[in-house]
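In the form predicted alone, a lone chain appears below as structure tokens.
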């Protein structure tokens, strides 16, 4: 067996156990850093011999739902980060350790975009198999449904490649369930024929939040699928890493990416840009140019977060949201946003995976930095107030945005839950694979 197994106290264990949320202390029974599928198969054999479960992790985003790892061999996949692009077929192949930042610039230089999310430092595999809500979603759908092939090692240690023709049931189950059926070693997926976008952000004084969010919500009612947008408030901390125009200030912000020519996009976005923002960054740019649009932190940080899918929002819903997190609420979360979903993300498709489409019209997410333990209680109270205010419009959960382990019934229709549980019984009846939001066999 050619793998190096890291036990507690051994060289390398401490450096490989961390999560993206530095408040979490992951303490797996053992850690392995595989280089290829053969190493993964060896790790599976080792785990079975030692009576351990097994799970995989790249960056440690959404690590909290994994819970106790004391009986688990954790695979950290950073060494499996290869990226290749078949331009003729418009297909990318990535190893399980690849980040969006490893792929997007290459694809952009070749005249393609990928259905990535808001952060270049997120792992492609976890994002993709958990659904994948990104900047092109309203036009091109969820990233999980752009996946064309999955390479994995199953519970028996067999290396397998599954697609629409080779074990289509496993291929269906993996796409959208976060992959609770094997250890993924590589993915292939479609790239998008996009060589430039019209994208940017509008910054307004936070005191205008009610007006700005109302105008944005009215805009979404008629927005074409070519435009994916969100509205948020951000309370920037007074730290040197924040650019001076934003440092220590609060803003209501609209962000959008348009898959339209500049003239048409300018016309469609005019009702928002004509509101008179303090800053307007909209411009034509290559796909790689939007990697930092959402201003996600590139490095691990201490934080707490909460997400919820929302149904169509009447006026009283926006009033409730502003009341819970707006400038007069006393809430000081770092960021609270509502993303416009719908479009292709809301439409079923005959070849789609377990996450066929996303329920609701919007996706809410709130997060706060928790620099010391005393900040956790008010952060939880603010997130709880946001949740309570929006419960009447609750449409379920998007598990990639959930920092708590959830029953999959909150994320999928009953028929999908039943089918996933049947697949779990078939492919992993002993629940050998340790996942964040487990598919419990029925």
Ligand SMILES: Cc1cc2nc3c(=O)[nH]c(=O)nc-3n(C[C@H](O)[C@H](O)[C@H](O)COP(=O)(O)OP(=O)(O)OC[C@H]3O[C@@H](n4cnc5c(N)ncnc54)[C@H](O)[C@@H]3O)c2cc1C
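Please read these numbers as outputs of a predicted model, since none were measured by experiment. Numbering follows the first chain given and starts at 1.
One more form of this protein, predicted together with the named molecule, exists but is not displayed; see below.
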| query | finding |
| --- | --- |
| Among 376-384, 45-53, 400-408, 413-421, the region lying within 4.5 Å of the named molecule in the predicted complex by heavy atom distance | 400-408 |
| Residue (of 63, 29, 389, 395) lying close to the named molecule in the predicted complex, criterion heavy atoms within 4.5 Å | 63 |
| Contacting member of 257, 338, 125, 114, with respect to the named molecule in the predicted complex [4.5 Å, heavy atom] | 125 |
| 4.5 angstroms heavy atom contact with the named molecule in the predicted complex for residue 343 | no |
| The named molecule contact in the predicted complex: residue 119, any heavy atom under 4.5 Å | yes |
| Interface membership of residue 360, the named molecule in the predicted complex, 4.5 Å heavy atom rule | no |
| Residue contact check: residue 77 to the named molecule in the predicted complex, 4.5 Å heavy atom | yes |
| Sequence-ordered list of residues in 153-184 near the named molecule in the predicted complex, where near means a heavy atom within 4.5 Å | 178, 179, 182, 183, 184 |
